[in-house]
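In structure tokens, one chain follows: the form predicted on its own.
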Amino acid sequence: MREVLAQAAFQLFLERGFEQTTVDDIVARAGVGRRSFFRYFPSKEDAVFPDHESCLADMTAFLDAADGGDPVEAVCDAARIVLRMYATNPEFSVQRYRLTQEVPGLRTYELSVVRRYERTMAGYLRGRYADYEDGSLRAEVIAAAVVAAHNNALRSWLRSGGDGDAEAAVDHALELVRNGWGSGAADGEAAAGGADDEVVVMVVSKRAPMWRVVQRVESALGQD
């Protein structure tokens, strides 16, 4: 039923627009009552992202089981779980991305979902870096870097209409994080790159929302 409702909702959003579609429209298309909708989705926004809850649960379970090895590698692998969710159904993912760009409320909702993934990664990393003097800071920085790298590559793929190898693009982006913070890098320092590598240093307020931090990182890297 959850899938039926989500499919009916998304079809209507594409046909009529998000703001013009009501919950009554959705349940009528699905052939169920209003109670059925709210049993599965607290709001219309949730119906646009029906797969994120299960994806977050999968990520949490994966990190709970990742009790050894390189913690940076573990969160990079966790990010790939999100990628696979998108890549499983490229057509739907591209349509959802385009819809999200058109509706400010959906963009805000998506950013809140991204923040939940980031908090999950940071929580895992704080446990792994508990013995470091700067463990909490390191966890937050690495989690933010993984999310920024993953989302930059993912959005480029979505903007292209789902063309190309999304996994290869995300792997390339995450390699930058692994080189800087993984077990192969110098402790506390980014690994030295080639002569043409550039380093971006950014200072933001601790109270700045994470979506603003990610936006500034993407801007500094010269990408939308």
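Given the structure is predicted, the values throughout are model-derived calculations rather than measurements. Start at 1 and count along the sequence shown; that's the residue number.
The same protein also has a form predicted in complex with the DNA, omitted here; what follows describes it.
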If we test each of Gly68, Gly161, Pro42, Gly164 for a heavy atom within 4.5 Å of the DNA in the predicted bound form, the one that passes is Pro42
Going by heavy atom distances of 4.5 angstroms or less, which of Leu56, Ala169, Leu176, Val32 would be at the interface with the DNA in the predicted bound form?
Val32
Examine Ser36 and determine whether its closest non-hydrogen atom to the DNA in the predicted bound form is within 4.5 angstroms.
yes
Using the partner position in the predicted bound form, report whether Val23 sits within 4.5 Å of the DNA, counting heavy atoms only.
yes
